[in-house]
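Okay, here we've got a single chain as structure tokens, the form predicted on its own, with questions on binding and movement later.
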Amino acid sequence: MNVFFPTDNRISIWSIGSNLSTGMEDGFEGDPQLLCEHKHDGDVLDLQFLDQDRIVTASSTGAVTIFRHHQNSQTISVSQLWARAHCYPCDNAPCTGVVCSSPEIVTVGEDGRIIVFRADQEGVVRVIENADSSTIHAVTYLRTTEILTVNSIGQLKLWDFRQQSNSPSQILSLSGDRVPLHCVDRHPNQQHIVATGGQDGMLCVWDVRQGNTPFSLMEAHTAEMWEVHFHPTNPDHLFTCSEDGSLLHWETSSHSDMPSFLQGGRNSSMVSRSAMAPAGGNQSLISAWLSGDSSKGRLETTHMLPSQTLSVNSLDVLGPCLVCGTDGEAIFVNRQVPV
């Protein structure tokens, strides 16, 4: 298994092996092996797989780059480059986020622009020039033709590319203080369920079908939350990482046929608003993430790193394998995640 991770303004490809090292009771392996690397102009602020051989990076210079990994020769080359895709009138604007649905690529930046590319085209497909008056920190797909963005004033915006309008189709926001949101992910099976994290370290769960504020707010970290990810095949599990040096594994489970949001109980770590099943909806399909109930073992949180470390900036998870990178120039790989 290969892991792609940027270090020192380089895009690097690492091998983490296929077998668990002996004696590693906590599930963490020994050192990953560097296979190859390539110079990267500017800081790598985000990166995503486009397909098995190509990776797209977002740069602090405003550039968007497609790198190709040549597995036979273990080399990396630049396949496509859009220099200064994000920019101010007189300077570069960092490209802060990228999401891919091959061959489509969507990027966001400090300039408040949303840009759509195609890997098989040299030009830009679409630009939403004034998508936001503040920095857009992250982007993800909601559905094939819809994306979600989060910004520095606590807003979650939904964009429908079927519409020619340059305005969002829906705006949701945190009530009270405008706490910047840094990351966003949507539930892989129930796409109306969205998780975000921000500067205050809170985990927010939203139902984009109902209301314009978070469904639940949960105390997660003591500093900025940098990434949030639902497990791609078992979304009862969710992972978050933070500036405070922690990586948390959240697990929600139900031991009753009754929808969890109908069961009483609440603890001080969660603030939630009541919800009813949508008209004509099947209440038994309501996700446990919309339960509004973190008591009675319904929501368990586990620290995944062996000890508190420097800021955990990035994470990804696939099957039982969890990878994260820290400010200490360390890559942690856990191949025994209980999902």
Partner chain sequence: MRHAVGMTPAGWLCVIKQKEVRAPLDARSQTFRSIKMEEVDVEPTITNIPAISDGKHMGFAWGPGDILVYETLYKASGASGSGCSFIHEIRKDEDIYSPILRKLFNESHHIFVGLQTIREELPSKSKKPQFVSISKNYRSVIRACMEELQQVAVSTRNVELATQCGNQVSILLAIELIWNLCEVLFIDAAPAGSLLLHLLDWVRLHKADVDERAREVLQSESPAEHHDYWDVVVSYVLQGRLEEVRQMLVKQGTLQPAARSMYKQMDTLLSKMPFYNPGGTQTLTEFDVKWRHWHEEVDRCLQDNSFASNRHLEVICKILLGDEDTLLDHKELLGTWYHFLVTRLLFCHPTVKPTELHYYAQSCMTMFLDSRSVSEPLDNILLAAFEFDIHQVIKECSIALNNWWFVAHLTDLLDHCKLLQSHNLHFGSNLREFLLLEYASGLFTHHSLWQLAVDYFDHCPEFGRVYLELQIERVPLETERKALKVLRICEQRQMSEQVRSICKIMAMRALRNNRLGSALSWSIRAKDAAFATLISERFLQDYCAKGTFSDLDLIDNLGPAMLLSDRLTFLGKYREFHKLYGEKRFREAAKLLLSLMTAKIAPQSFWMTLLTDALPLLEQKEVIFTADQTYELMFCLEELTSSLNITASSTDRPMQEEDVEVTKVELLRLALARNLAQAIVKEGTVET
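No experiment lies behind these values; they were computed from the predicted model shown. Positions refer to the first chain, counted from 1.
Keep in mind the form predicted in complex with the partner chain is missing from the figure; the text below concerns it.
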As a check of understanding, the residue in E251, D207, E104, E243 with any heavy atom within 4.5 Å of the partner chain in the predicted complex should be identified as E243
Could you check which residue among S165, S73, Q121, S133 gets a heavy atom within 4.5 Å of the partner chain in the predicted complex? S133
Contact test, all of V98, G197 and H237, partner the partner chain in the predicted complex, heavy atom 4.5 Å: no
Report whether the minimum heavy atom distance between T309 and the partner chain in the predicted complex is within 4.5 Å. yes
Look up in the predicted complex whether Y88 has a non-hydrogen atom within 4.5 angstroms of the partner chain, and give yes or no. yes
If you check in the predicted complex, is E146 within 4.5 Å of the partner chain, heavy atoms only? no
Whether L45 contacts the partner chain in the predicted complex should be assessed with a 4.5 Å heavy atom distance threshold; does it? yes
So which of 90-98, 186-194, 74-82, 228-236 is the stretch with heavy atoms within 4.5 Å of the partner chain in the predicted complex? 90-98
Within 208-238, which residues come within 4.5 Å of the partner chain in the predicted complex, counting heavy atoms only? T222, A223, E224, W226
